[in-house]
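Have a look below at one chain only, the form predicted on its own, in structure tokens format.
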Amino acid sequence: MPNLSPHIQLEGLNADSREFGLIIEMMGRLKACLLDGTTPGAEFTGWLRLPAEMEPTLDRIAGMGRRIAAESATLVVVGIGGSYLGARAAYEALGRGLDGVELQWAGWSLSPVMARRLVEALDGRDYMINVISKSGGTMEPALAFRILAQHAQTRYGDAWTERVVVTTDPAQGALRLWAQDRGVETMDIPSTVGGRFSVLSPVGLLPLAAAGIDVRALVSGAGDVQRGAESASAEDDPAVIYAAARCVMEQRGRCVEVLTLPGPELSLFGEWWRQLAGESEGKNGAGIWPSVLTLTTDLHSIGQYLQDGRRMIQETFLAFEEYDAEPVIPRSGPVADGLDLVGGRALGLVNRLALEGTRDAHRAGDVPGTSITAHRLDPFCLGQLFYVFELAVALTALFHGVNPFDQPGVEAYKKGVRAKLNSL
């Protein structure tokens, strides 16, 4: 494979086989159609151009983020699914910036325990609220906003709406009307971008800017991949190679994909990817089941199944060329643990060797897959990864003959819940 950034390495799969070559060619044609706007769901492909189109908006997003940080200690992000997962993934992966607010999350479940704990945590703290919803009628965030609004009214009085920012449809919906009536500041969710593809829009960028994360670098990294996707041949495009590998392995009976992550700081990135893949691909009896494993924690729980269980799994390893150099392991420990050979080494090095050893063991145990390696865990490279995974998943769905950008199954669950609520 060519030298790519992020780099893609195939394992347990012959890149020179006719089978792989034919699917690469098909993926190349699908990518061309996707970029031309001639695929199913083309009206929701605005995410492809977000890195370039966000550039004029970044000054406003960054400025609003600074204002939020100056006026509050916490920003409560209210949303579910794609309305919060991308931002939370980046926040957990990159950490809070020095001058940023703490991010809290609401509206992503109906748990009364989590709602009560959040309200209790906000007592005595200055906070602002970022409500994210295209319609304003999605049940989980709408109910969370009711609870938070009551708390904010008690805390801040009539001025509580000054502590709310709404991210919603640019022209319509209950949230848009409410914000306009009360003079609440708003950010637009592009009408051509669906929730699970929205992390590089104000949906993800505003909370991250408030947290002190370099959103310009995040968008720049995605733009790097966007430009490459528009100019690279199929054989040189990391998203195409990854999508093709997934589909070849699925055709060989590997219908479950495990995304193996190097550390728990990326667990929410795994959750973001799981929603992206599950909602985009899982239709009409098609799709690869997405699952996530975090090293080395999950090796002590489901690692046994991966190694010796049913051979229905393909595995994608996510790695970084430069992982954190700190902390350094002391040269001797309080007990004779037999690990003096790694004394004086960075824990990140041990992590990388653990990943390589795990990968070797799984490949020897007949678990084929890919390795995707970015340069380092920073905003630029995370932006690259967001775009690579979005493009690869869209291509995989199109290969299966489904629209990557709708979610009829989700709408079915919503109708079912509404029917129960209407019986109250």
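Here the structure is a predicted model, which means the values were calculated and not measured. All residue numbers are counted from 1 along the displayed sequence.
The same protein has a further form, the form predicted together with a further copy of the same chain, not shown here; the description that follows concerns it.
Partner proximity in the model of the complex, defined as non-hydrogen atoms within 4.5 angstroms of a further copy of the same chain, places exactly one of 226 to 234, 67 to 75, 98 to 106, 327 to 335 at the interface: 327 to 335. Contact annotation for D340: at least one heavy atom lies within 4.5 Å of a further copy of the same chain in the model of the complex. Contact between A217 and a further copy of the same chain in the model of the complex is not found at the 4.5 Å heavy atom cutoff. Contact check for M312: a heavy atom falls within 4.5 Å of a further copy of the same chain in the model of the complex. Contact check for L143: a non-hydrogen atom falls within 4.5 Å of a further copy of the same chain in the model of the complex. Distance criterion of 4.5 Å from any heavy atom to a further copy of the same chain in the model of the complex singles out L306 from the list M187, L306, L122, A319.
Between a further copy of the same chain and the residues M128, V248, I147, L118, the one pair within 4.5 Å by heavy atoms in the model of the complex involves I147.
Within 4.5 Å of a further copy of the same chain in the model of the complex, a heavy atom is found for not a single one of E43, Y156 and G204. Residues from 278 to 304 that approach a further copy of the same chain in the model of the complex with a non-hydrogen atom closer than or equal to 4.5 Å are G278, E279, G282, K283, N284, G285, A286, G287, I288, W289, P290, S291, V292, L295, T296, T297, D298, L299, H300, S301, I302, Q304, in the order they occur in the chain.
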